[in-house]
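Below, in structure tokens: the form predicted on its own, a single chain.
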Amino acid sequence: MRPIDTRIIRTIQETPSTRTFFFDVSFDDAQPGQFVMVWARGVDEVPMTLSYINAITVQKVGDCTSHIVALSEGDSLGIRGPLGNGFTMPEKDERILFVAGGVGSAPLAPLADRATSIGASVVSVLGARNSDELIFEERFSQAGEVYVTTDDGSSGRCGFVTDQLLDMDVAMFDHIYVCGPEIMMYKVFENLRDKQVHGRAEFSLHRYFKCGIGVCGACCMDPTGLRVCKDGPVFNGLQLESSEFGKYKRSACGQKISI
């Protein structure tokens, strides 16, 4: 797939380290949780989730994201996609729980928008290092009740999203959508598995992608060989049992990296 040229038409500084970039192209057929490969010319190509049908939300964490975050209106990026499998879409009569950590709220926010539009029953748990790093709290609050946790206690509950889940009856929810740092997601997975509801949960994984279309095998997971870019990046909790999820991932050269 060849990337299409897009122009940045608007930017929003979400947090000190995170910006949202709106394009002059919309991906109207994209499902929440799918991703696009973003080509920063002369730097690298990296996978990014769509936080709106015409936008990505980028956190400055490496060379390529640092380059992207420094771009301005009128600059261009190459985009190919949408790719992969997204989340199961919520329905009106379902009870929905969102669990997001940091920029992991980006792929979940479009689902929250849909839940708002259909009037579904929604509870969200949003976690961040501190109050300055909270993203899309207003979008989730429009969908329903929101619980906030921060590592330093500067907003909401001092602690982690898993601390909040311990005080909740997670078995009451029909669908549970999770995205954030993998160690956080794995702790959520363990919590849900202990209560035998992990089959109702979907997790959005991040792995190193080269091709993004399931050809190169760089993102295959042990022991099943599931390709995160093609079979995911969203997986049901049952698919992740006895997998490398929460244990290790791989670098660009295939070396295992403990999580």
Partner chain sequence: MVNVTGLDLKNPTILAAGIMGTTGAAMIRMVKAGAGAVVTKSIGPEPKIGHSNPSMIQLDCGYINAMGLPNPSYADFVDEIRIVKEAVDVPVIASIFGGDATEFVQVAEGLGSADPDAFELNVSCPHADGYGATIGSDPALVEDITRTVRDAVDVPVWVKLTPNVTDIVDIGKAAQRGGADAVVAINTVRAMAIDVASGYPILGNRFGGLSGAAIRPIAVKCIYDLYQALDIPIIGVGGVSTWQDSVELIMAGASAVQIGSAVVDSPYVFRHVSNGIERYLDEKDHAGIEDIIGIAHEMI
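Quick caveat, the model's predicted, so the values are computed rather than measured. Residue numbers count along the first chain shown, from 1.
Not on display, but discussed next: the form predicted together with its partner chain.
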item	value
In the predicted complex, the residue from L205, A30, I213, V69 that sits within 4.5 Å of its partner chain by heavy atoms	I213
Listed residue (R80, H175, R139, R157) with a non-hydrogen atom within 4.5 angstroms of its partner chain in the predicted complex	R80
Contact label in the predicted complex: G217 to its partner chain, heavy atom within 4.5 Å	yes
Partner proximity in the predicted complex: M1 to its partner chain, non-hydrogen atom cutoff 4.5 Å	yes
4.5 Å heavy atom contact, K230 and its partner chain in the predicted complex	yes
Touches its partner chain in the predicted complex: S26 (any heavy atom, 4.5 Å)	no
Residues from 42-63 in contact with its partner chain (non-hydrogen atom within 4.5 Å) in the predicted complex	G42, V43, D44, E45
